[in-house]
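The chain below stands alone and is given in structure tokens; this is the form predicted alone.
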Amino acid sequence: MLKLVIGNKNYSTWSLRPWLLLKHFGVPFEEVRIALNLDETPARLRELSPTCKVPVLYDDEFVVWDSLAICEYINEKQLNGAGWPTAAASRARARSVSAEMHSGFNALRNQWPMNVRLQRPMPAEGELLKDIARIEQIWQQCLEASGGPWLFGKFSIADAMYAPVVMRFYSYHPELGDSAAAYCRTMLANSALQQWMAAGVQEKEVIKEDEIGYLLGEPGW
């Protein structure tokens, strides 16, 4: 049995990615949640994570860390390659956009933290606006090439990597083009993501630096 160690569902973008991949494809796993930013958090992380970060995947005694590495491992060991597109060119493009998400978009990460409980329209300018524009460009190009509804036709690791972006857009309501808005609706309708969100809303822990808005109700798309 796989065991996935995650952080708060309300806040932990890195945890969401492999969790969503496992859930979407129906792979059984044990979930271990470590609430972040508490007095006992460092000790729990030292116990279960070689980097003292989440997520971490255990396959019996074998340990994999880092969200993208975990997704790659799941793809090879559990999905028989179904986590990436079949065609070589599409697979390469999917890996490219996933790696860009994994290492980039710092303004988006820093200014708009993921917070499932919140909805508040927020202005975007400067580097944040550039990040949003680039994400829209990626999504539009992928969807035009694949025909949708997912970035590469069927749900893939690339969609799992961009799920936290959809969560941010859900919270802060940037102005999006039709293609990006439709993709957000597709992601928000995913039953696994809905399960994650429902659990996140129920969490009681508060990380103050990630509380930049307030709950308004349903999304605007």
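Heads up: residue numbers just count along the shown sequence, starting at 1. Since we're looking at a predicted model, the values are computed, not measured.
Absent from the display: the form predicted in complex with a small molecule. The rest refers to it.
With the cut-off set at 4.5 Å between non-hydrogen atoms, does residue 181 touch the small molecule in the predicted complex? So residue 181 does not count as contacting the small molecule.
How about residue 53: is it within 4.5 Å of the small molecule in the predicted complex, going by heavy atoms? It does: once the small molecule is placed as it appears in the predicted complex, residue 53 has a heavy atom within 4.5 Å of it.
Determine whether any heavy atom of residue 156 comes within 4.5 Å of a heavy atom of the small molecule in the predicted complex, and answer yes or no. Contact with the small molecule, no.
Distance check, residue 102 to the small molecule in the predicted complex, heavy atom within 4.5 Å: Yes, contact at 4.5 Å.
Go through 166, 36, 192, 57 and name the one with a heavy atom inside 4.5 Å of the small molecule in the predicted complex. Only one option qualifies, and that one is 36.
Given the stretches 171-179, 192-200, 22-30, 65-73, which is the single one in contact with the small molecule in the predicted complex, using a heavy atom cutoff of 4.5 Å? It is 65-73 that comes within 4.5 Å of the partner.
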